[in-house]
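So this first bit is one chain, no partners, the form predicted alone, shown in structure tokens.
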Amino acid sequence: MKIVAVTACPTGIAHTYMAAEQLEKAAKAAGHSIRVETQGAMGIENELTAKDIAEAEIAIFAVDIEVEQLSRFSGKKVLRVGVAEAIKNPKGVLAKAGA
């Protein structure tokens, strides 16, 4: 399964990147392709391209704040969870996403 994800927390420091790392590890271990964009203190990093989003079967938003440039995901199946859930239970998040 091809997955894109966005992670973001209010301060945009540790939890944003921890959630991204956990989702990447869990997806790769399960044999899925994933690209994760972080929206943190440094702004948008690893920005997802229109092609990334178009090719993905689902977008996972592991966020505690609003996603920047949300219109890029218009029409895409989206699963929204909190950052803590992605950190503590990334396999569960992927299961909710159908992965």
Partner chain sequence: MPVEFRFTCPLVNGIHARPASVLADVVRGYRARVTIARDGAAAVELVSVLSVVGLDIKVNQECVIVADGIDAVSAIAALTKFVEEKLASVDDVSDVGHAAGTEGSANLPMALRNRDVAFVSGRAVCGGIGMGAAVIVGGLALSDAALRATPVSVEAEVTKVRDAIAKTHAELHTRAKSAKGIAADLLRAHAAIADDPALRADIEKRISRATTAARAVVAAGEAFAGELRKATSAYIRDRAVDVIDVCEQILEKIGTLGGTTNVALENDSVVFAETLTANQLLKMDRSKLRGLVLGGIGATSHTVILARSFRIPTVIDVRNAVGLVAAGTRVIVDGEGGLVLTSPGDAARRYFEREIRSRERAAERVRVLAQGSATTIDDASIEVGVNASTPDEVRGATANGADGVGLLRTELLFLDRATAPSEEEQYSAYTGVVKAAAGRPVIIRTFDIGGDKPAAYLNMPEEENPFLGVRGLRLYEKHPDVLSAQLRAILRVALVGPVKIMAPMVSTPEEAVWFRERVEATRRQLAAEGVSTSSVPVGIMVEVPSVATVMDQLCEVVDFFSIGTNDLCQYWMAVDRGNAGVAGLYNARRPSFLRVLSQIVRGAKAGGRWIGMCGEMAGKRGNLPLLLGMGLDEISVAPGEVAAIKALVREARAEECRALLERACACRTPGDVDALVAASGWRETQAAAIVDRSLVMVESDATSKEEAIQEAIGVLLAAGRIERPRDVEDAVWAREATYSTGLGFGFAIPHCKSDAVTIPSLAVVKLTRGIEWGSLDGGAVSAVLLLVVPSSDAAGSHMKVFAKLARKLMHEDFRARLMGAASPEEVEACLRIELEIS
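Bear in mind that the values here come from a model prediction, so they are computed numbers and not experimental data. Numbering follows the first chain given and starts at 1.
Just so you know, the form predicted in complex with the partner chain exists too; it's not on screen, but the next bit is about it.
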Hey, in the predicted bound form, does residue 84 get a heavy atom within 4.5 angstroms of the partner chain? yes
Given that the partner chain is not shown alongside this chain, does residue 78 nevertheless sit within 4.5 Å of it in the predicted bound form, heavy atom to heavy atom? no
is_contact(residue 41, the partner chain) in the predicted bound form, heavy atom dist at most 4.5 Å: yes
Contact of residue 57 with the partner chain in the predicted bound form (heavy atom, 4.5 Å): no
Output the sequence-ordered list of residues from 7-38 with at least one heavy atom within 4.5 Å of the partner chain in the predicted bound form. 9, 10, 11, 12, 13, 14, 15, 17, 18, 20, 21, 22, 24, 25, 38
